[in-house]
Ligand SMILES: Cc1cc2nc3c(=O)[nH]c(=O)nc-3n(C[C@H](O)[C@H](O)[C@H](O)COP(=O)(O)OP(=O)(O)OC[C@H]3O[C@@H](n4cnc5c(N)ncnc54)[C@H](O)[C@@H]3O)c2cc1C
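Next comes just one chain, in C-alpha cells: the form predicted alone.
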Amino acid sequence: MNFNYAIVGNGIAGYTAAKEIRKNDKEGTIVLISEEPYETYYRIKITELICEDDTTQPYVCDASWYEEHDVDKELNARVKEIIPEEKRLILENGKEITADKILLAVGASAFVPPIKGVEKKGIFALRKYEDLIQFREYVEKYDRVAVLGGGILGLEAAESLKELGKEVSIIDRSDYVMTRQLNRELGLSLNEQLKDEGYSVYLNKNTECFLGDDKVEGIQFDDGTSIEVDAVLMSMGVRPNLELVKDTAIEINRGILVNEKMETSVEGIYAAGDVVEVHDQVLGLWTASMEMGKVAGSNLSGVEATYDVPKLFTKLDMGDVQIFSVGAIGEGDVYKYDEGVEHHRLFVKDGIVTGAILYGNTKAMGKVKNYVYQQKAIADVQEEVYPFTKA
C-alpha cells in the first residue's frame, strides 16, 4: 500500500499532525498506524482516572473523525521495521506500507529500572489505557499501594489512590519530593505536609528488591529496612521509544534528533512528540507534543513552520497542597514571603528574577510567571504582589 503520508503513532502528536496535513492538503492520502487498538485519547487523564468510577476511554475525538477527514487507520498494528531510504514500513501483521513522507510519533515508555523481583504480580507502570484498567482491577482487591517516585506524576497518582481509599506510601531516593520543582527548604516542608495529609513518606530510599513469591508483598531497601505493600506503581520517568530507528540512518541521541521543522536526518522523514530530542531537550509533555505535531504536519504538507521549545512551568493541585514552580530553582539570591500556609520564593541572579515558587497559594502565578519569562528586575517587582524580603 502506498500513501502520500504515513504517520506512525496515534498519540496527540500523530493525531495533531494528521489534522494539520488535512487542513493544508485536501487530497493527499494519509494513513495513521497505532500499536494500540484505540483512536487517540487523553493520555494525561490516565492518572486521574485511577479514582474515577467511570474509567471509560477519554477520547480526543469521535471515531467518525477519521472517516470524515479521509484518514485511513491501522489500529492494533505494530511497525516492526522501517527502511528510511525507501520510505517503507513493515508491519508485524505482514503488511507493508510505503509513503512519500513519514512521521514517527511513537512516543515513550515508562522507565522501569531492573530491580530484583520487578516481574512479580502487582507491580505496574501507567503509560497506556490498558495499564490503567489492569492496575485498577488489581488494586480493587488490596489496600496498601506504594508509589515509587516522588515527582509530580507520582504525587498525582498518590492523590488518586488516596481518593480511592488506599493506604498510600510515597517512596523517593532523594531527601525530599519534587526535586525538580522545589528547593530543599520547601521540599522538606512538602514532605511533612504530605505526612499530615495521611501519606506514608519514605525518603532517601533506594529499592533493593521486591519481596514476595508470585506477587509483590513488600519492598526491601538497601539500608536494610523494608515495608509491606500489596501493589507498587512505578513513576520514575519515561524513555523515548527508539527501538524502531536504532541501526538505521535516522540519527538518535536520547531521542530521535530533529531540527526546528521536526525533520530527522533523513529527508522526508519527520518525528514529533515524546520520542524526539529537539534543541537538546527531550520534553515528554502533552502540550509540547501537540505543538510538535502541528509543526511537523505543516512541514509535511508543504507549509513551512518552526518549533520553539516552550517555557516550562509546573502546577500541582493535590488536595490542600497548592504549588507553582517556574524557571531556575535554587540558584542565586533568594527573596522570601512567608505568611501562614503561604511560602513564596523568588530566585534572583544579577538583579533579575530567574525562578519562582509559590507554595500554599498559587493565585499570583500569572504575574510571577511573567517575572521569569520577561526577566524582570527584582527592584521592580519586589513589592508588587507580595512584600518579598531578601533572605
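Numbers for residues come from their place in the sequence shown, where the first is 1. Quantities reported herein were computed from a predicted structural model and do not represent experimental measurements.
Another form exists, predicted in complex with this ligand; not displayed. Remarks below refer to it.
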| Among 253-261, 294-302, 126-134, 179-187, which stretch sits within 4.5 Å of this ligand in the predicted bound form, heavy atoms only? | 126-134
| query | this ligand isn't shown here, but in the predicted bound form which of V278, V266, A231, A77 has a heavy atom within 4.5 Å of it? | reply | A77
| note | Assert contact residue (this ligand, in the predicted bound form, non-hydrogen atom within 4.5 Å, options M318, L194, L153, V282) equals L153
| message | I'd like to know if V368 sits close to this ligand in the predicted bound form, meaning any non-hydrogen atom pair within 4.5 angstroms. | response | no
| task | Mark I44 yes when one of its heavy atoms lies within 4.5 Å of a heavy atom of this ligand in the predicted bound form, and no otherwise. | result | yes
| is_contact(P240, this ligand) in the predicted bound form, heavy atom dist at most 4.5 Å | no
| 4.5 Å heavy atom contact, A17 to this ligand in the predicted bound form | no
| said: Let me test this: is every residue among I12, E36 and A272 within 4.5 Å of this ligand in the predicted bound form, going by heavy atom positions? | reply: yes
| said: Using a 4.5 Å cut-off on any heavy atom, which residues of 106-127 would contact this ligand in the predicted bound form? | reply: V106, G107, A108, L126, R127
